[in-house]
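The chain that follows stands alone, in the form predicted on its own, written as structure tokens.
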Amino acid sequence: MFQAILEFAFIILIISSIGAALAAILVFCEKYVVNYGPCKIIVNDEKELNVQGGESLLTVLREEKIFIPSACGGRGTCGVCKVKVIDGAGPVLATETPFLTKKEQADNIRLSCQVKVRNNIAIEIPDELFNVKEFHAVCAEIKDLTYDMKRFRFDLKDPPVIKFTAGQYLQLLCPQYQDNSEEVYRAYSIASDPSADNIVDLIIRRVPNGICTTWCFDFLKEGDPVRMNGPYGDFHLSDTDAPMVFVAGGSGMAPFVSILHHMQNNHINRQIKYFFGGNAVKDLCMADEMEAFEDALEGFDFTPVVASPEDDESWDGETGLVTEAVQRQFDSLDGYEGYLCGSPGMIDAAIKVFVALGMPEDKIYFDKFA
């Protein structure tokens, strides 16, 4: 019996290896052997791009300096890089359907990272994407915030200034390095003061084996040149006087730092309760900055929450999940607005809590980075 199981497992291994090899051959042929020749991309029925076929629509547009937002850098895992393809894209792929509603599919919305340019294509994109720019900058400062989180400050060189709305994000280009054989883009929220328009601050948390975070933590040095593009995103402060609840964890701190700077600059004193969660005390950061905002902004209150303090950590503040702290401090969130930044799981859990406490879903704002 045991021998039969081993033989069956061996057969499965062989079949899997053959399948993987065939897939690799197909990818190789697609990239290096098949020649689709010159293709045209018609953008918004007015701009014509002459390009070489074979790459993804996302990549080809980027090479033409038209930047489509993509939180995952084109891996097909975020569902952000949506464009309307009027003609020439072929059928919707199985890799796209998890991210597209039936209505979006009926309206010819596609993931640009999954659409290959093999022939002439006609697309529609929002006009504001033509205002997205590529920035050349220099890494000016790298500052430790926690054991696994750093703030990277970049001095802008070309163009020398950026105009963005507090809460938006940029795509940082990670170049080839060591075992990373291709350039990739990753999305990071802007953490800097919008009034300091010649710099960009990004708060980045190390992801084990992450392509871009490994480069940022282990290879990027002060003085190194970098490229980024943006700004992107609709996450920003609403134009109301409603009281607000902020919830974040880890590098989700970034957009709220920028939003708080914006509020201080413009003397906006709306009521804010900010819950920031960490697994342990060592995961908390920027306590001094938050205290300064509490002094500067009437109605702002910062509440750090530690899920499970370690044995050697002294902590007398809120404990448990950050959403549990929200439930302990509020009986109702009717009339409030919610602002979230963090992992998809945290965002989903927070939305459920907000709605259960009476906050309408259309008053909950977030950018969910996969």
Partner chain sequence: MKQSPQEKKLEEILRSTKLVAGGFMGTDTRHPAEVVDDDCSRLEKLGLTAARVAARMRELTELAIPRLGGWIEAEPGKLRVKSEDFKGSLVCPWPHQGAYGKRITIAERMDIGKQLVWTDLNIHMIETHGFFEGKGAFFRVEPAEVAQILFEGLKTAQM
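Residue numbers count along the first chain shown, from 1. Heads up, when I say rigid core I mean the largest set of C-alphas that superpose within 1.5 Å between the two forms. Just so we're clear, the structure is a prediction, and the values are computed from it rather than from any experiment.
As for the form predicted together with the partner chain, it is not shown, yet the points below apply to it.
Stretch 336-344 is the contacting one of 336-344, 52-60, 297-305, 36-44, since its residues have non-hydrogen atoms within 4.5 Å of the partner chain in the predicted complex. Within 4.5 Å of the partner chain in the predicted complex, a heavy atom is found for all three of P98, R206 and N279. Taking non-hydrogen atoms only, A122 never approaches the partner chain to within 4.5 angstroms in the predicted complex. Taking non-hydrogen atoms only, T240 never approaches the partner chain to within 4.5 angstroms in the predicted complex. The closest heavy atom approach of I66 to the partner chain in the predicted complex falls outside 4.5 Å.
Heavy atoms of E182 reach within 4.5 Å of the partner chain in the predicted complex, making it an interface residue. Contact with the partner chain in the predicted complex, defined as a heavy atom within 4.5 Å, holds for exactly one of I211, I109, C285, V226, namely I211. Checking N266, Q271, S195, T77 for any heavy atom within 4.5 Å of the partner chain in the predicted complex turns up a single hit: T77. Heavy atoms closer than or equal to 4.5 Å to the partner chain in the predicted complex belong, across 242-259, to the residues S251, G252, ordered by sequence position. After superposition on the rigid core, the Cα atom of V92 is displaced by 2 Å or more between the shown form and the other one.
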